[in-house]
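First, one chain by itself: the form predicted on its own, in structure tokens.
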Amino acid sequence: MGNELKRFAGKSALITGAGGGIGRGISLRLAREGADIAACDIDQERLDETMVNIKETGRQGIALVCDVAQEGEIENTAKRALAAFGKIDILVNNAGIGDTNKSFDEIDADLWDKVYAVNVKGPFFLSRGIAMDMIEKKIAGKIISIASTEGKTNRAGSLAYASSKRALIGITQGLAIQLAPHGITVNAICPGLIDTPIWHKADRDMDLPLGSMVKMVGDTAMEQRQLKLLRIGTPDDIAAAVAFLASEDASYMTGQAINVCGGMEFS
């Protein structure tokens, strides 16, 4: 990274979906800047890989296997993270799932509920639990959720996913209002086209060389000038924005949904 800042020395961060992609990138960025990391993911093997990377930075880390769709597991995860570090200064709600762009007539109640459980209910209840601890300990904490530009402009035609990300932006704004008197800021980041393992899964499903699907989508977006900056985003791009919002440099920002998308979304 080449960044010598240590803005988070003495701070602890809890990051969901930390087993890979954007979540792993966020975990490592905050660790390199001095934070101890409680890394949460549903996949133990991928989480273990993240923990190895965190420990290479010299920071402490704890691996928490959790399904954020389950309220009981959320409560247990918050308790374990707080027991490990004594406090959480930064919460990043990164875990999320899509709806595979199913047609409106293919979406059933089970899929709808699953998407909303992970993308909306999980972030709210985890934010509530951590925020209550922040209030009790008088911590001017930072809560950051990873939404999507699809939550602002639905380009892909997804229904459950896009609407869930719009709901997450709404939760961000509501929490920002209610937690402001306690000095807690709440913001969201809206990524655009980011090269993550979810695209690689599509490659495997379609028996394509690794990286084919995201390149195809990216090339089309650049040709059509949807992507103004002519490259596909990386997890590090999102991690950099998270690090800014988690720092005191963003102390006068709350309730915002910030696009990190190469210019795909302007609003």
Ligand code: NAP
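What you see is a predicted model; the values in this text were computed from it and never measured. Quick note: we count residues from 1 along the sequence shown, nothing fancier.
Not on display, but discussed next: the form predicted in complex with the ligand.
Are 41, 118 and 197 jointly within 4.5 Å of the ligand in the model of the complex, each by at least one heavy atom?
-> The answer is yes; 41, 118 and 197 each reach the ligand.
Just one of 236, 219, 67, 48 has a heavy atom within 4.5 Å of the ligand in the model of the complex. Which one?
-> Contact with the ligand in the model of the complex is made by 67 alone.
Using 4.5 Å between non-hydrogen atoms, is residue 160 touching the ligand in the model of the complex?
-> Contact check for residue 160: no, nothing within 4.5 Å of the ligand in the model of the complex.
is_contact(residue 81, the ligand) in the model of the complex, heavy atom dist at most 4.5 Å | The answer is no: residue 81 has no heavy atom within 4.5 Å of the ligand.
Find out whether any non-hydrogen atom of residue 134 is located within 4.5 angstroms of the ligand in the model of the complex, and reply yes or no.
-> Outside the cut-off, so no.
Does the 4.5 Å heavy atom contact test between residue 192 and the ligand in the model of the complex come out positive?
-> Flag for residue 192 set to yes.
Name the stretch, out of 91-99, 179-187, 125-133, 105-113, where some heavy atom lies within 4.5 Å of the ligand in the model of the complex.
-> Looking at the partner contacts, the answer comes out as 91-99.
Residues from 147-183 in contact with the ligand (non-hydrogen atom within 4.5 Å) in the model of the complex | Sequence-ordered list: 147, 148, 161, 165.
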